[in-house]
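Take a look at this single chain, the form predicted on its own, given in structure tokens.
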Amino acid sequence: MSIHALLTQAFLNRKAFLQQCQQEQTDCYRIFHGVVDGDDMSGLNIDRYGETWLIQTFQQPLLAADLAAVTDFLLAIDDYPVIYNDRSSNNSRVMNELTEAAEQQAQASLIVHELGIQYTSKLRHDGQDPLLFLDMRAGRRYVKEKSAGKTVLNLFSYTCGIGIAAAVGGASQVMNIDFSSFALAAGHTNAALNGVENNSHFVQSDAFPALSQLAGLKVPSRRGRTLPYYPKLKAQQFDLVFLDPPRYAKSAFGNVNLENDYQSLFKPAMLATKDQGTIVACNNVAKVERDLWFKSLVRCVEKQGRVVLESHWIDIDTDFPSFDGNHPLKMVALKIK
């Protein structure tokens, strides 16, 4: 099937979703998800970020003819600037050069809209991703709808999309925690864009000491190692805790490993959740089987003498289709006592 035919079919498959986006005041979404939409173009993803199109390749660069065909297709939908980020080299870094005009657009700070909320975005910067992960939209929608009058803890907050959604949704207090000063700076910008600075707080910290302190546990340490600085926090429980860690990361306080050791993060996050509160757990590792992972979360809750009262799976929006309904990104909300 030609690239034009693949794009046309993917766009038609999203007709109802795109109507929903208009209703929800959303102008950032995926129109081509190569893993499912792509046939032999599985490494190609195409997104809209506000009034800019973003093409990304993760397996091999697009041939010049295919890039021209994709560009023509996008411009026929809306005449927005088109940015192409080839990330098929090591570490998923953007390697290809752009024209001067396209480079200026890629480096510019954009404002995009999702669920009526404004977010800052940049399609090329010192990091790798455009500051807002679009597949997490369903999580931001859930939090926006569930946060009125509640205290919210947003862990591994990145640019604080979840926290901003909570604050806009009427949360009384939101604590966003991330190790990256760059990401939190974008979070501050997002809070200002939406007028929620007063109920949005930002903590630059490794997640392990932050979580341990909030949960009233001893900060983990490695034998014989001097711990780096971390901000001191008082023990506190929250009405809603959102846990969205990266797949794998190392720090002086512990290792994040979503495949083999989710509990090292889930346990303190759960202990920082109030009685009758809700913790939303996320796992983006495709090989982690959903039901087994869920059972491990329930066991972890019960080992601490607590009970899961209700559970609710948060389904990913349809601009990120999966072959069998088992999306790699899994999100479940657990109400516990």
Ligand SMILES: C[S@@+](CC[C@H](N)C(=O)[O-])C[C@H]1O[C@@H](n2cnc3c(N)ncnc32)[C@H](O)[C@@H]1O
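Sequential numbering from 1, following the sequence displayed. Since the structure is predicted, the reported quantities are computational estimates derived from the model, not experimental observations.
One more form of this protein, predicted together with the ligand, exists but is not displayed; see below.
Look at 246-254, 143-151, 120-128, 211-219: in the predicted complex, residues with non-hydrogen atoms within 4.5 angstroms of the ligand sit in 246-254. Checked against the ligand in the predicted complex, the candidates Met136, Val112, Val196, Ile83 yield a single residue with a heavy atom inside 4.5 Å, and that residue is Met136. Proximity to the ligand in the predicted complex, defined as a heavy atom within 4.5 Å, singles out one entry of Phe202, Tyr158, Phe238, Tyr262, which is Tyr158. Put simply, Tyr230 is far from the ligand in the predicted complex: not one heavy atom of it is within 4.5 Å. The ligand in the predicted complex comes within 4.5 Å of a heavy atom belonging to Ala207.
Looking at Ser88, you'd find every heavy atom of it more than 4.5 angstroms from the ligand in the predicted complex.
When contacts are judged by a 4.5 Å heavy atom cut-off, Phe179 counts as touching the ligand in the predicted complex. Contacts of stretch 69-85 with the ligand in the predicted complex, defined by any heavy atom lying within 4.5 Å, are made by none of its residues.
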